[in-house]
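What follows is one chain in structure tokens, specifically the form predicted alone.
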Amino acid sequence: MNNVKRRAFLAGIASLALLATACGDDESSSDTTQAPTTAGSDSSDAPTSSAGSETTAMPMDLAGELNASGATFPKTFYEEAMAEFMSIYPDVTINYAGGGSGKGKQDLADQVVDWAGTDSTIKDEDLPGFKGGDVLYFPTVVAPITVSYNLDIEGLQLTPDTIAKIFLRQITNWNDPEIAAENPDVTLPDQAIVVAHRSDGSGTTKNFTTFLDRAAGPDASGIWTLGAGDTVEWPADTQAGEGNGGVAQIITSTVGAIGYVDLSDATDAGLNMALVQNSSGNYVGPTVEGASAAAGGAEINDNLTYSAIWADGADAYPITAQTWIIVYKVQPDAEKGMLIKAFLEYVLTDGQDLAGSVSFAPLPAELQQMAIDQLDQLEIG
């Protein structure tokens, strides 16, 4: 969607907001539940809205405040998108507290935030606890989860089985014969391995453990035994950090440490990152291109949930995580509902161009369009 169409779309949202105000408590009209049609080749900066036979210029006067919490995995991207959105609409404030996918889902369930970020889906048994009713998933970006480590060695190669054994504490030293066999040209140090993981309920943990479960779990080699989840029972002699940044800090400050960290935080921390063997048997580094290759072949469910973990493809990075903004389908507060819709539309269109600058990959085109189309399902006012 180009800038002209985006401006027309947001102008329509502003128009609907004015209509909602004018109609007061009248709930008989269905106009406010549908996104306005974006049309016209008018390239001027002043968007227009049609009402009856009259066409009037609509000021871009979006205003209000949204509060959100959730996944730290996409936090850098959301902060970038929010900053750009608020620079366009200076009367808008959007706050994103992070705290992990588990916190975001719980905060949305309790209606203490307007939207939440999550890298994992809501469990069926938890759905009745969402006080606002049905929830919509809006995919936003994809990115690699790195296997980062603190050694003066670049480009270590690791198989899923070896990673599983490291995180299960079955391999505890960097010069272990199994690591050496995967890195025949590398002199490995006689250095103890320190495992770092998330302390909070985390979609990053869910995706990392899903990778281990699929690649080295019961249906594969059988080495991984902890299953997959936002939290798992890590061995007692491991270290826990809050958020991706907390895990990155443990790795940075501890020689011999290893942990799973999103690409953006790992890059910011200057961490070394392993090449991980994918389902085709190739060792692939955590790159935006590898994430795009993984996401491109993912099967999309009707509710726009999907998984890019352990995807097929010679170039696919095997620990590619997806993430969503989740919102209530019914938005009784017209002002907040319009603002949520406008921000989502921005993230799904112009905001996609920001992804690469902060180490994320934009959505595949087909999924992007499906998410844009789903905006019509928001029931506002």
Partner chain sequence: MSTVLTAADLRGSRRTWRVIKSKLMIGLTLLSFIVVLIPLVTVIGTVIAKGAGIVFRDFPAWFTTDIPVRTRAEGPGMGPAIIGTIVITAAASALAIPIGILAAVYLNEYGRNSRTARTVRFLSNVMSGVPSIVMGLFIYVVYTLRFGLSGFAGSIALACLMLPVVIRSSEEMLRLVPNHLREASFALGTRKSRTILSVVLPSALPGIVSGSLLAVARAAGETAPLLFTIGIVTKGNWDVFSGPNTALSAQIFRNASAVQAGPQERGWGAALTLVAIAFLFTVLARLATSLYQRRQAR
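Just so we're clear, the structure is a prediction, and the values are computed from it rather than from any experiment. Positions refer to the first chain, counted from 1.
The form predicted together with its partner chain is left out here; the points below concern that form.
Colleague: On the criterion of a non-hydrogen atom at 4.5 angstroms or closer, are Thr76, Glu80 and Val112 all touching its partner chain in the model of the complex?
Modeller: All three within 4.5 Å in the model of the complex.
Colleague: Sort through Ala180, Ile153, Leu304, Ala269 and report the residue having a heavy atom within 4.5 Å of its partner chain in the model of the complex.
Modeller: Flagged contact: Ala269.
Colleague: I need to confirm a contact call. Of Met86, Leu127, Leu188, Ala220, which residue comes within 4.5 Å of its partner chain in the model of the complex, counting heavy atoms only?
Modeller: The residue in contact is Met86.
Colleague: With a cut-off of 4.5 Å between heavy atoms, is Gly133 one of the residues that contacts its partner chain in the model of the complex?
Modeller: Looking in the model of the complex, residue contacts with its partner chain do not include Gly133, since no heavy atom lies within 4.5 Å.
Colleague: Taking heavy atoms only, is Ala97 within 4.5 angstroms of its partner chain in the model of the complex?
Modeller: Result yes; Ala97 sits at the interface with its partner chain in the model of the complex.
Colleague: Answer yes if any heavy atom of Val92 is within 4.5 Å of a heavy atom of its partner chain in the model of the complex; otherwise answer no.
Modeller: Yes - in the model of the complex, heavy atoms of Val92 and its partner chain come within 4.5 Å of each other.
Colleague: Would you please decide whether Gly245 lies within 4.5 angstroms of its partner chain in the model of the complex, comparing each non-hydrogen atom pair?
Modeller: Result yes; Gly245 sits at the interface with its partner chain in the model of the complex.
Colleague: Please determine, with the chain shown alone, which of 136-144, 158-166, 257-265, 282-290 has non-hydrogen atoms within 4.5 Å of its partner chain in the model of the complex.
Modeller: That would be stretch 257-265.
Colleague: So which bits of 163-192 sit within 4.5 Å of its partner chain in the model of the complex, heavy atoms only?
Modeller: Not one residue comes within 4.5 Å of the partner.
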